[in-house]
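One chain follows as structure tokens, the form predicted on its own.
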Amino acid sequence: MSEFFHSVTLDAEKCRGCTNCLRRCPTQAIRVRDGKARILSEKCLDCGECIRVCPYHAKKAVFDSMDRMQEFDYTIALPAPTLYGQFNNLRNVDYVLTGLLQLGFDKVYEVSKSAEIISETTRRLMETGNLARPVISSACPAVVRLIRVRFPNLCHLVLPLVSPMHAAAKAAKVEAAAQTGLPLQRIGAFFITPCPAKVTDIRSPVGPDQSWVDGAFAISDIYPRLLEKMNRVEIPEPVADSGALGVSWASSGGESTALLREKYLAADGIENVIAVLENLDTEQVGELEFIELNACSGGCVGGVLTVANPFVAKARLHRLRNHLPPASIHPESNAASMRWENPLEYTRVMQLSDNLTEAMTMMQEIDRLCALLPGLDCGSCGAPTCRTHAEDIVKGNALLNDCLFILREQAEAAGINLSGLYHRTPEETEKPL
């Protein structure tokens, strides 16, 4: 498996070389070279922001085809609670779950059920006082990766528990194996995903050694087929096994609410998330116990693989919660089974060099180049800021005159010289300039 698997990809044929994605990428992972965007693999979070802003649909997310269900003897659907917000006037979750069964899944296991169990486990862990405060949620994989590459001082604050998606897959497959007698490798668990970051978290998880999820189907891909099945359901099967607290995880603030604590902060949208992390990095957040961060606007309902407007979806979920119990009763969870196998560690993708002396020299050169550049961060050079352009020059990936302002100055200077040459006498032209 590649160290940098990415679910966000670029279709170069469609790319027009505009700078929309360049300006919005939260980790400055995009460059425009030779009229086409390029994604720097080591910096990309797969947050999907470039998909959202590309007017030419040149960025796209990789997800699985439902044909992959044929690879297994028994298949399980893992619907994200966000899925429920895609349907108008939904009062009974069982219509969605029964529709999934009629699409060919053998079993449905709600991710919102595991969300409730994760919330309960988090509450008990926080009560022990053994977690550093404020605890940062680990549910959004794009945020976890952002912390990993940009905020090394905050890695120890991230909640060391698997996401509800991973927990649901493990519980569902173990249950299915006990019920059917099939080996685990013949049982396929597929997440119904709202965003590409979840796909990356399945293929290349951070925290667990490997994922129990076998694939991901985009909500936008499964939606029309599921809606057709749901419209034919007269009496749904009683499958639902979660309550309002678990479903609340789909939108920003839902996870914090499920913890039943007051001193929390919930922020959504990648720019807001970065602002909160920067404040936290400089200890400017006050007395908080828990911080919930979602890369997408509105939370998972804002994922680029959804179909409903995130505000509409959030309103639908709010109404749906009125028809659900606060939470279902689940057997006491085993916190040890949900803990990450690996601690979150800083990934040095922003580091200039492993050699400190060399890094310092490169830093000085970057500062020197920045003084030459206009400081407009216009993106015309193909880098998002003048500083990243200077870094690219120092790394040998760009030239100073890729900056249009520098190029214009050089052209003007050349024009002055030519003008001076024009007015010189033949004797003077034989002298070196």
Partner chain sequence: MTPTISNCFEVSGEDFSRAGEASGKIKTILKQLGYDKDAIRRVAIAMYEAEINMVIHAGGGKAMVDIHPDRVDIVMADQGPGIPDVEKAMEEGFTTAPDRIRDLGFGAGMGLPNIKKYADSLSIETQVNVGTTLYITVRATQQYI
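Residue numbers count along the first chain shown, from 1. Fair warning: this is a prediction, and the values are worked out from it, not measured in the lab.
Missing here is the form predicted together with the partner chain; even so, the following discussion is about that form.
Contact check for E278: a non-hydrogen atom falls within 4.5 Å of the partner chain in the predicted complex.
In the predicted complex, the partner chain lies farther than 4.5 Å from every heavy atom of S65.
With a 4.5 Å cutoff on heavy atoms, R150 counts as touching the partner chain in the predicted complex. Interface membership of T361, defined by any non-hydrogen atom within 4.5 Å of the partner chain in the predicted complex, is confirmed. Across the options 374 to 382, 361 to 369, 66 to 74, 47 to 55, residues that bring heavy atoms within 4.5 Å of the partner chain in the predicted complex belong to 361 to 369. This chain is drawn without the partner chain; in the predicted complex, the residue among D209, E127, E287, E283 with a heavy atom within 4.5 Å of it is E283. Proximity to the partner chain in the predicted complex, taken as a non-hydrogen atom within 4.5 angstroms, holds for one residue of I329, I235, A132, L356, which is L356.
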